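Only one chain is shown below, in structure tokens, and it's the form predicted alone.
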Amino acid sequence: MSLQALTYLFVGLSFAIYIAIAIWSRARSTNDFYIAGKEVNPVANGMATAADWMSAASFISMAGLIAFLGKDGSVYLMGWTGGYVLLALLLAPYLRKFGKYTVPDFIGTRYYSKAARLVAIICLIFISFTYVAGQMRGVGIVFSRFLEVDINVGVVIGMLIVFFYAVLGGMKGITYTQVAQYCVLIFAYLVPAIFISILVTNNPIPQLGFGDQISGTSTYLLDRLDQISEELGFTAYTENSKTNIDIFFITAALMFGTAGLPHVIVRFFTVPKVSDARKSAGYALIFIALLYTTAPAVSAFAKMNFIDSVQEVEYESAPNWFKNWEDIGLIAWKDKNEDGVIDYYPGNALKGVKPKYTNERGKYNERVVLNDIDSSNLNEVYIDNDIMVLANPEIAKLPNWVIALVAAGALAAALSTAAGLLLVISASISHDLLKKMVMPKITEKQELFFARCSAAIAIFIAGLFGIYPPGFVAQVVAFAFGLAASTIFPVLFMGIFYKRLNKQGAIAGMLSGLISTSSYIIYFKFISPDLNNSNNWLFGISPEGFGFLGMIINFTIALIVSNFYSKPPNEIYQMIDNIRKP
């Protein structure tokens, strides 16, 4: 069968499974819609959590980032994994013991304040929509490259699938769909990794192949990557180019920001008991580790195969995969020296790029030249980091069924996280904003109706992000992590472990973290991007890492302000004592 036929088959089968699960597990109450009736088995919840956690960023982007950043890319691996551990140990069991529906519910109740609840709602909606935009981008890339359909059609198909199981099933439908999606995505990630590990190092275990010798030689894979990188003028693959302080702050911002992400926190509300929340956290860590320990190997294999297949190759003889991705704009080649040969070196091939969608030939084209060639360097190749996992099987010349499997896995990763994020948005609007603040007298049936309407509207907006992507999506990813670290995590952590924190301190802390972090990131990312370099950063901290400093500011201001106002009411002390009991 052709690649396109196999891709349609695999994607169609996976979509049919998701729809069948949604019909079987449709929500019949707000309890089902928000937290799956608190009936999810810890193992199933662990798999669903892993699928929710490992978005398109993990499946598609992370290996690409590590491939091109080398050791510097490990900040994402450490930050995202460490963030999950923080969440599982410091927050998840206690929030489950709290026993309500949402993160703003905890913040509003713990700090006995509608203002605190509203600030949390705003932050969570912003963070969630930022991530949804990223998931829709992943859906667009997969549909346009492997199914060869118009990007608009691909996004609409993804919207309809998510609409079906999110609106119909709520958290109950999403949970069991995510179990299936985890099985699809992890199989799709590991199979090509094992194939390529055998081809490159003759070792069937990618995690071991990563540190093994290249087949038929006495040279280790990482040594060869260091050698190739230095010969081309890059920093050695196993060396850092970032400063230690920046690495520390970026990793910390990713950790604490990730621990404050709402769509994963809410997963621990779905199990029957607090002990089950701890168990599901452990199972999820095992399931996540399967992909996260494989990603560095995938990155190394992809980087070496990419360089070997294109460097100093005549463009007319370039491999098919190169031209396939060039057709949809995620690879570009500019022959600067007019010798007809592809040269890949440090620097930008083009002076500027911007996101763009086009219907021309039914293709998805994200990159378009702004100012033609950048003549300040020798590099002739523009390559989008996000294609490396998707293109890796093609680069390694694996069978078509493996390539089609990767496409199905990428869609599973993107749609699973999109569904979780959309449900968080829905619950924040219907439960926290309408039920708790605007219309407290609505019935459960009305609340369920508003929840489904909110989910439908959120899916529509997410689809618009896929069809008309804002040019700043890539930039505000750092904003989302920084915002989560500097606003949400401190109030959750102190809300559990520091009883003296009152509503004034919590609100002041969130606002100070929000203002300081957003001001720093907006200045360097939007107002003065030309100054976005280590010479101008405060203490050498990049905008991606400033969220950790914003978190410290939040903690400091919250503690100081709390001391100027009265203690929380006695019932808040009792509530905290209750959720901290084993």
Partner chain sequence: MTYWQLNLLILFILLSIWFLVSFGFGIIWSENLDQIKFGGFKLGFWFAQQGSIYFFVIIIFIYIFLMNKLDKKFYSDHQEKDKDKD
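Note that the coordinates shown come from a computational prediction; the quantities given were computed from them, not determined experimentally. Numbering follows the first chain given and starts at 1.
Another form exists, predicted together with the partner chain; not displayed. Remarks below refer to it.
Undergrad: Taking 15, 58 and 191 together, does each of them reach the partner chain in the model of the complex with some heavy atom inside 4.5 Å?
TA: Result no, not one residue of the spot touches the partner chain.
Undergrad: Even though the partner chain is not shown here, does residue 525 get within 4.5 Å of it in the model of the complex, heavy atoms only?
TA: Heavy-atom contact with the partner chain at 4.5 Å: absent for residue 525.
Undergrad: Quick one: does residue 336 come within 4.5 Å of the partner chain in the model of the complex, counting heavy atoms only?
TA: No, no contact at 4.5 Å.
Undergrad: Contact with the partner chain in the model of the complex for residue 36, defined as at least one heavy atom pair within 4.5 Å: yes or no?
TA: Contact check for residue 36: no, nothing within 4.5 Å of the partner chain in the model of the complex.
Undergrad: Does any heavy atom of residue 146 come within 4.5 Å of a heavy atom of the partner chain in the model of the complex?
TA: Contact with the partner chain, no.
Undergrad: To test your reading of this chain, name the stretch in 181-189, 310-318, 377-385, 254-262 whose heavy atoms come within 4.5 Å of the partner chain in the model of the complex.
TA: Contact criterion met by 254-262 only.
Undergrad: Given that the partner chain is left out here, which of 109, 215, 400, 238 has a heavy atom within 4.5 Å of it in the model of the complex?
TA: Filtering the options by heavy-atom distance leaves 238.
Undergrad: Report the residue, out of 266, 448, 395, 77, that has at least one non-hydrogen atom within 4.5 angstroms of the partner chain in the model of the complex.
TA: The residue in contact is 77.
Undergrad: Are there residues in 254-285 with a heavy atom within 4.5 Å of the partner chain in the model of the complex, and which are they, in order?
TA: Stretch hits, in order: 255, 256, 272, 273, 274, 275, 278, 279, 281, 282, 283, 285.
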